[in-house]
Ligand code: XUL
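Consider the single chain below, provided in structure tokens and representing the form predicted on its own.
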């Protein structure tokens, strides 16, 4: 039997999922929750105390990898039958390695942990991640140097969380550490380098989230790299298509029961992997991922960029391009509102919507508890057009959910209209949220059985590249729609009117 393993190193966890593509089944899976399982490491914090700064401890990801495979082995996962591994990582996060790293990766000792061996390879002890919004000055500097070509050629304007601005800030504030950096990886290529035992390339899908990859040439742009930091081009791994075998599994991992000749394919970002895992690799189908952040993404044909600069273009792992709009205040905002209203999830997901009408009498609330990405707002805080504090719990809940969904609609209009939206992520269990999506977009909403779409997408990528299975057959077997909700046409005019109210509230919040 030939199985394929997908790994997803996300903001809050590391997941592993093994598929049997011939049978169309999942034959093993496990996860490591960072807060629960590895509380001694920090997944999102500010080293300087600046609330706009968000970094992670890269040792966390190494500890999680050892723990995940230990757990999978103990649970009897068929690791020995795995012939291909692919993976994904939270986008934009970066890891900085010194000149020792290559030698350490090539000689990993199974008798010692990954942390013990790779800690000395870090040229920078922390990794800025996608939640960081502290690089406005660096974005302005690169924009001044490159101009509008930055967006038209890289798919995005200069963005605070994107890797290029983070690298520039590092170079400016810690020049000696930057000079000692021999290789800069994304989270995805760093993890792939660890399991391969060598420095490996960055794929187009994740590389496009750096403001450094020219999407017209699919190479690192020398002028943009030099405007970002001197000598940066020499510190970047090469960029390659996602459909690239980048190496073999390092002998270190044989202690977990893996075979000796497992192929490793290029890792990608979590959103490009989710495009595959949700079966949305064809035009006309959009995906809403309701996770730590909420994202809206779809295949993009032809290549173009968001005129407002909020949406982004990444490489599509199956070829061509995909577009994405990200909303920072996703599940964490929903969890905070639920806690503040002191209700259980059944009330939040179902009862609140039964007790309130579509449109909520025009009452909306923007739950921007973190500095927001879309639209870009650096000052956190909830904004409402009614007396939020004294309102009933159900009114508060509908107010924030409808605002979140209306924001997704407003800031995805540049991509086009879609008749079908697939929903993934933890909040895809919520019937209230799903019906709100269907009604606001007046589109059919589908859910899929597997909520870990990035890990599933990675496994499907490995099965396609290594096992030569078609995406059509993999999607049919592993990512079929499991439930469908139709829009209520009566709510169409209600939300069209509420859209205007939302735009006024957003404009006032940005003023």
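Residue numbers count along the first chain shown, from 1. Source: prediction; values computed, not measured. The term rigid core refers to the most C-alpha atoms you can superpose between the two forms while keeping them within 1.5 Å.
One more form of this protein should be noted, the form predicted together with ligand XUL, which is absent from this view; the next part is about it.
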{"property": "Contact residue in the predicted complex, chosen from 297, 441, 96, 314 - any heavy atom within 4.5 Å of ligand XUL", "result": "314"}
{"property": "Residue (of 401, 333, 324, 200) lying close to ligand XUL in the predicted complex, criterion heavy atoms within 4.5 Å", "result": "324"}
{"property": "Contact flag, residue 270 vs ligand XUL in the predicted complex, heavy atom cut 4.5 Å", "result": "yes"}
{"property": "Residue 92: touches ligand XUL in the predicted complex, heavy atom cutoff 4.5 angstroms", "result": "yes"}
{"property": "Partner proximity in the predicted complex: residue 253 to ligand XUL, non-hydrogen atom cutoff 4.5 Å", "result": "no"}
{"property": "Exercise: residue 501 in contact with ligand XUL in the predicted complex, heavy atom 4.5 Å", "result": "no"}
{"property": "Contact segment among 433-441, 84-92, 106-114, 364-372, judged by heavy atoms lying within 4.5 Å of ligand XUL in the predicted complex", "result": "84-92"}
{"property": "Those residues of 1-38 which, in the predicted complex, come within 4.5 Å of ligand XUL by heavy atom", "result": "11"}
{"property": "Residue 132 C-alpha shift between the shown form and the other one of 2 Å or more, rigid core reference", "result": "no"}
{"property": "Residue 294 C-alpha moves between the shown form and the other one by 2 Å or more, core aligned", "result": "yes"}
{"property": "Rigid core superposed: residue 327 CA moves 2 Å or more between the shown form and the other one", "result": "yes"}
